[in-house]
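To begin, one chain is listed below as structure tokens, in the form predicted on its own.
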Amino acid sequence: MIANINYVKNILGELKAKKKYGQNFLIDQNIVEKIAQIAADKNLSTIEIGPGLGALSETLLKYSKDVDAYEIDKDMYDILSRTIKDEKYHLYLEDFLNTDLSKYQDLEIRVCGNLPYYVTTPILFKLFNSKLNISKITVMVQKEVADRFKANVNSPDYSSLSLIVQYLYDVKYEMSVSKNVFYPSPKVDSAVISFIPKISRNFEYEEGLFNFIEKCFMKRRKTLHNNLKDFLSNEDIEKIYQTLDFNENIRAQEIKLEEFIKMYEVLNDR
């Protein structure tokens, strides 16, 4: 069992966890088991991002058809190559951000990973924009990042990121994970969240809508009107405010997703 403090300390030996890769290893098998059960499907292949020492890999294999694991660190790759011997386990020494995902285009897959803060958003948007048939993405991230993905209108965490993700996915906050179940222990707690697709994708429409939403949040302390006037005519702004009956002092963080969609469609006469 890899998710064990004595095993982790022993197998690391003289190695040290690399801060540049955000390496903190799970040492609680109950947590690992729960994540694998949430993430995997026995009839589907799972892509695992950042397997580290393999605690999650080991458990995902129980619940997946097979597992493709992408590890950026040569030291971790070498350890995994020796410790996990299973014909269903395919390990790649590769930066996932540079991975060609086209080989998965004809498959329904699941994705799982413990994502370090510095690459959480780039990795997720690589997946979101991949056009693959990913039926579920389950990741462990810093709790504050999870809060941003799940944030609702009027929350201080509510942003263009919240809206874009919630337009595409049902975002489920699966569980909190204490910093004390990692070795070495990180400074903050984590959370496990899942993303389940909820729409049939129209990438051309999305590009325009998401660009519009991002511009509306460009200056968070300003009113919506002050943000809009940077890229819209007075006529278009008046059209939006009349159609949606907005107060002149409304701010982007007070506006619901459905209202952003309506604003965008008013501008484009849809």
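Each residue number is its position in the shown sequence, starting from 1. Values in this document were obtained by computation on a predicted structure and should not be read as measured data.
Missing here is the form predicted in complex with ligand SAM; even so, the following discussion is about that form.
S.K.: Is Ala55 part of the interface with ligand SAM in the model of the complex - any heavy atom within 4.5 Å?
M.R.: Yes - in the model of the complex, heavy atoms of Ala55 and ligand SAM come within 4.5 Å of each other.
S.K.: Look up in the model of the complex whether Gln253 has a non-hydrogen atom within 4.5 angstroms of ligand SAM, and give yes or no.
M.R.: No, no contact at 4.5 Å.
S.K.: Should Leu163 be counted as a contact of ligand SAM in the model of the complex, where contact means heavy atoms within 4.5 Å?
M.R.: Leu163: no contact with ligand SAM in the model of the complex.
S.K.: Is there a non-hydrogen atom of Glu94 within 4.5 angstroms of a non-hydrogen atom of ligand SAM in the model of the complex?
M.R.: Within the cut-off, so yes.
S.K.: So ligand SAM isn't shown here. In the model of the complex, which residue out of Ala146, Met76, Val111, Leu124 has a non-hydrogen atom within 4.5 Å of it?
M.R.: The residue from Ala146, Met76, Val111, Leu124 that makes the contact is Met76.
S.K.: Between the options Leu26, Ile213, Val67, Leu224, which residue brings a heavy atom to within 4.5 Å of ligand SAM in the model of the complex?
M.R.: Among Leu26, Ile213, Val67, Leu224, a heavy atom within 4.5 Å of ligand SAM in the model of the complex occurs only for Leu26.
S.K.: Of these, 215 to 223, 201 to 209, 43 to 51, 230 to 238, which stretch puts a heavy atom within 4.5 angstroms of ligand SAM in the model of the complex?
M.R.: Contact criterion met by 43 to 51 only.
S.K.: If we check ligand SAM in the model of the complex, which of the residues in 173 to 212 reach within 4.5 angstroms of it by a non-hydrogen atom?
M.R.: Read in sequence order, no residue approaches ligand SAM (within 4.5 Å, in the model of the complex).
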